[in-house]
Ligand code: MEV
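Single chain ahead, written as structure tokens, the form predicted alone.
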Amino acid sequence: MNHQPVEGFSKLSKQRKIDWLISEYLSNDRSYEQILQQYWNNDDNLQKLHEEFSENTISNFYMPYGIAPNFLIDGKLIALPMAVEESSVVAAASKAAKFWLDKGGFKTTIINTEKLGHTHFVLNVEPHKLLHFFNFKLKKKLLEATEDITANMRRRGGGILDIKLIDKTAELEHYFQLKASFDTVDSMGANFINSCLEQFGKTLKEEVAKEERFTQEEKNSLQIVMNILSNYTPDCVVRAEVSCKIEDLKDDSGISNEEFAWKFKRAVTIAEIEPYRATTHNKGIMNGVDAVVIATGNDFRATEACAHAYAARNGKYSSLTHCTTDNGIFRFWIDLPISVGVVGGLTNLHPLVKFSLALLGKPSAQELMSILAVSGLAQNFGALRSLVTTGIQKGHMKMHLFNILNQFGATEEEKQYFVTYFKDKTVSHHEVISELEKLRNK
């Protein structure tokens, strides 16, 4: 079937959008409309609120919203909200939290909170000439021009921290940057940063046009390419860590504490040196981080991009976590670059986001950074603990068991049968199907 493009789709009502999709792409099968409608909120106002979060909304896509309890973070006992669909993520985080509960819990340190943005521009002028102009005139003008924009942020203790001229002409002809660092306090700050940068672009254009040291040809060569924040924030970093005496590790897998510590450290070392392993290793970390990022209404795509760029900052993709076993002490930690907010965006709009932040004790942005780093570290600890002892499938597939059974419409009685059946076995897709057929044939 040859589909036809549609004009003015965004202006259609929700019902007409659905009608068009069913007619054009779904062979007029109205059962698909029922699928969409069953995920609408019964409260019309709540449904309207959700529809206004994004464009062309025709339904809601639900994810499980779970709780990982018993996280002792910097002396405070916290229950983490986690929005995630992957089996075993919440269970693994909870198990890791319980493991460290009687060993002092998780400790965190905010290393820095600087966020970055750039005005990217092209100017055919000698770099030393532009640097002189920047140092003796432009930088001051940029700060003056943004005073109105930064006033509220400065009152809250944030604002523009610094502006630098970056010479990139060795990599791209005539290409320079105005690199600005910001402190956005409790907001993620994207709109604030971008507003400042757009003003930088305007001021740069005005000041270059007035600069007597530049020739008319040089002035005419100026092109403002773009003004945009960077989601790579290597100077907005939090550290989370756990430690205890090796003799206190007390793993219940049947191996000695010393062997467990040695195997665990070796697994982390492999992730530090081998990018193929590091990718999966860090993905597991982000299972924990993203689940809390989503639950608190923050941008998990930005979080992902930043974490993976940071993991490759030394020219080779590597582990975000590290481990030592020196002098009889087991120490495991993560340095996580992460930029999040607790005001603005969805934080005051989405009901479950408001619930999540209330559950966490209405944290500051820095406290939320700490919580997210702990969530990632706990997730990684849980995964590595399984990998170096019983194997990842035993626990993961038990959590996945209900997904398999639900695919085949298992009854509650059948589900209970399989919980017992796999009590001392590793779950496999093939084994579930085979045993289900035998059970039903009986």
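In this text the structure is predicted, and so the values were computed from the model without any measurement. From 1 onward, residues are counted along the sequence shown.
Beyond the structure shown, there is the form predicted together with (R)-mevalonate, which is absent from this document and is the topic of what follows.
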Checking I67, M63, L26, L387 against (R)-mevalonate in the predicted complex, the residue with a non-hydrogen atom inside 4.5 angstroms turns out to be L387
Answer key, (R)-mevalonate contact in the predicted complex at 4.5 Å (heavy atoms) among R313, K140, K250, R277: the residue is R277
Which of 117-125, 339-347, 237-245, 282-290 lies within 4.5 Å of (R)-mevalonate in the predicted complex, heavy atoms considered? The stretch 282-290
Check: So, in the predicted complex, is A383 in contact with (R)-mevalonate at a 4.5 angstroms heavy atom limit?
Finding: yes
Proximity of E259 to (R)-mevalonate in the predicted complex, heavy atoms at 4.5 Å: no
**Message:** With a cut-off of 4.5 Å between heavy atoms, is E86 one of the residues that contacts (R)-mevalonate in the predicted complex?
**Reply:** yes
